[in-house]
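Take a look at this one chain, the form predicted on its own, written out in structure tokens.
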Amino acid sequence: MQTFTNVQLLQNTLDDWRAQGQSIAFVPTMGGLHAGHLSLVALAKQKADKVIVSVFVNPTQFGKDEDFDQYPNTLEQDTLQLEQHQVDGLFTPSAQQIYPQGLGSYIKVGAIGDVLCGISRPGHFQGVAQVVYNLLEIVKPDMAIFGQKDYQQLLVIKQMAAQYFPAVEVLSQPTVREKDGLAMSTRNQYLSIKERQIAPHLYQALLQAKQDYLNNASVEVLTANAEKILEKGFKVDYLEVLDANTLMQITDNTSEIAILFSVFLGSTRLIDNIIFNKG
């Protein structure tokens, strides 16, 4: 595996690969790699001749008083995992390499970034869209791969890529879970032992909400049942049932449903979702 910290050296290698007719898949990450990230790598290896993974903790997607300074730095372990999974290139740029003109953002995410986490974390999705734009501009891959746990983020990125990088195929992988159902997340390591024991109730609440929906329960009843499961230990940020393609209210034309939850468990913010056909 080749490791790059410099944009020009990375691009020289990418150009060499393209000249050999090899396709390139790109997996952007912020490090703290776990099996969820590695499932993205596995898909990338299936789909392309060469796989590039970036590790960059993006300052522009963290709000005031969020965990930018505390975000886990596990680059040594991440590098070993990527080598074991036979990744071709690891890109670990500085902020200066990604934002040579400064940390400003000019990507507009529109209505899809204004709901859910967009309310709780103002400016977050502008930062996400900007860093992914900059990374795609650097790497120019044939495809880029993201997880579905951050479902709203996935839709924001798909929208941005369709506008600015129509030649890049954006692929996604389902959420990878621990044996007890908790969605894998780098931030799970913030949880105390007691909180970690409580955390799987979030997925249980999602499963209950899905079953209630399929049983034709009203959104009010569905939400009340979920809140009852979460009342011990969790502080609810939002519980929403929306059109999975637009994140707008469900209509007669809705074919796919997204149930999306955001909660705090202690000081740790957890998000999770279930996506399914309306039936």
Ligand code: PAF
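Don't overthink the numbering: it's just position in the shown sequence, from 1. All values reported here derive from a predicted model rather than from experimental measurement.
The same protein has a further form, the form predicted in complex with pantoate (PAF), not shown here; the description that follows concerns it.
- Shown without its partner, this chain lists Ile107, Ala205, Ala199, Val131 as candidates; in the predicted bound form, only Val131 has a non-hydrogen atom within 4.5 angstroms of pantoate (PAF).
- Interface residue among Thr29, Thr246, Asn225, Thr254, judged by heavy atoms within 4.5 Å of pantoate (PAF) in the predicted bound form: Thr29.
- No residue in the set Ser185, Tyr190 and Ser262 has a non-hydrogen atom no more than 4.5 Å from pantoate (PAF) in the predicted bound form.
- Though the partner is left out of this view, Phe146 does reach within 4.5 Å of pantoate (PAF) in the predicted bound form, counting heavy atoms only.
- Using a 4.5 angstroms threshold between heavy atoms, Asp150 counts as touching pantoate (PAF) in the predicted bound form.
- Note on the interface: of 85-93, 107-115, 131-139, 174-182, the segment with non-hydrogen atoms within 4.5 angstroms of pantoate (PAF) in the predicted bound form is 131-139.
- If you take 10-26 and check each residue for a heavy atom within 4.5 Å of pantoate (PAF) in the predicted bound form, you get nothing at all.
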